[in-house]
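Coming up is one lone chain in structure tokens, specifically the form predicted on its own.
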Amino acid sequence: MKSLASIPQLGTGISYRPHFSSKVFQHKAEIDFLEIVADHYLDASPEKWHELQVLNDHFVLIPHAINTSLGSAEAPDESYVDKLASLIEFIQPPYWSEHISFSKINNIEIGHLSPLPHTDASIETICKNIALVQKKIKTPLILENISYLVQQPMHQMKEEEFIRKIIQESGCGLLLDLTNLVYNAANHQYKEEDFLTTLPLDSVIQFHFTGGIFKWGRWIDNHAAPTPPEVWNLMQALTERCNVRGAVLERDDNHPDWNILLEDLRKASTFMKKNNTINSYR
């Protein structure tokens, strides 16, 4: 298995969605790589498989899985992992990503990413499941912090310590979702810097950034609003503190003029290039 240290600098990318496929190709020179939702291609139709082949011919692709359910008490579904392994083998990415969460109970899908109790038992479970997946998928794995609206009642430790232990014990990298961090800090009243002080920043491989909405007295990351100033400030500060390899804009809905999205990519690229040299992966 390749080490995290072997992952090259990728630059700034966007989370791919088919409805803006033409725009992605029109502005290919300004997009360093694409993040794709791996699950969209696991049981692909011929048309969907052709789309993947075309994307893979023109861009560096990073598969982002959403239903491995690494935090479930039961082991990951073997059929799902086999399909995911085949997809990653075809794409040959420098790494792939999943979430620190669970999305299945007794192999029944619950329809969303749910936070884990911050306990030693949860750490043991997710690290065991990661090890099972890595027997079939040798490509480096990075793990994403999720947003959550309700605190679990069984916590033994703070979220940042929980994440740190998972990263250290699993040997995985970290996909730090900056928007999730900013919104969780606001919703649950803790300081971002306290969170970051505990995280293993040397393990941060990629950022996510986007904007959301304020509803029901909570900030919600719906990937459908401009990136807020707090997230930009955090990105600027962290690119000076860790060797992040890529930053991905997640904008799934309520799209502005494409030039506004390109400006976001340029702004992120400015931060990325200040302290990193962007190398071509291919």
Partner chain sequence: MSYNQELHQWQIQLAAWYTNAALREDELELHKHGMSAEEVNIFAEGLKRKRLHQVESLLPFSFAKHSEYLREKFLQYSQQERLQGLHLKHTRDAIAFASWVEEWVPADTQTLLRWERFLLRCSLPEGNFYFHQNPYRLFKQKASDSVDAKILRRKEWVIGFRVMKKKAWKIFHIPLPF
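Please read these numbers as outputs of a predicted model, since none were measured by experiment. Numbering follows the first chain given and starts at 1.
What comes next is about the form predicted in complex with its partner chain, which does not appear here.
Using a 4.5 Å cut-off to its partner chain in the model of the complex, not one of I137, E169 and Q206 places a heavy atom inside that distance. Proximity of H255 to its partner chain in the model of the complex falls outside the 4.5 Å heavy atom cutoff. Using a 4.5 angstroms threshold between heavy atoms, N184 stays clear of its partner chain in the model of the complex.
Interface residue remark: E109 is counted as part of the site for its partner chain in the model of the complex, having a heavy atom within 4.5 Å. Although the partner is absent here, R218 sits close enough that one of its heavy atoms falls within 4.5 Å of its partner chain in the model of the complex.
When you look in the model of the complex, the only residue of E192, D77, D202, E89 with a non-hydrogen atom within 4.5 Å of its partner chain is D77. Remark: of stretches 193 to 201, 90 to 98, 127 to 135, 206 to 214, the one touching its partner chain in the model of the complex is 127 to 135 (heavy atom within 4.5 Å).
Residues of 23 to 62 placing a heavy atom within 4.5 Å of its partner chain in the model of the complex, in sequence order: D43, P46, E47.
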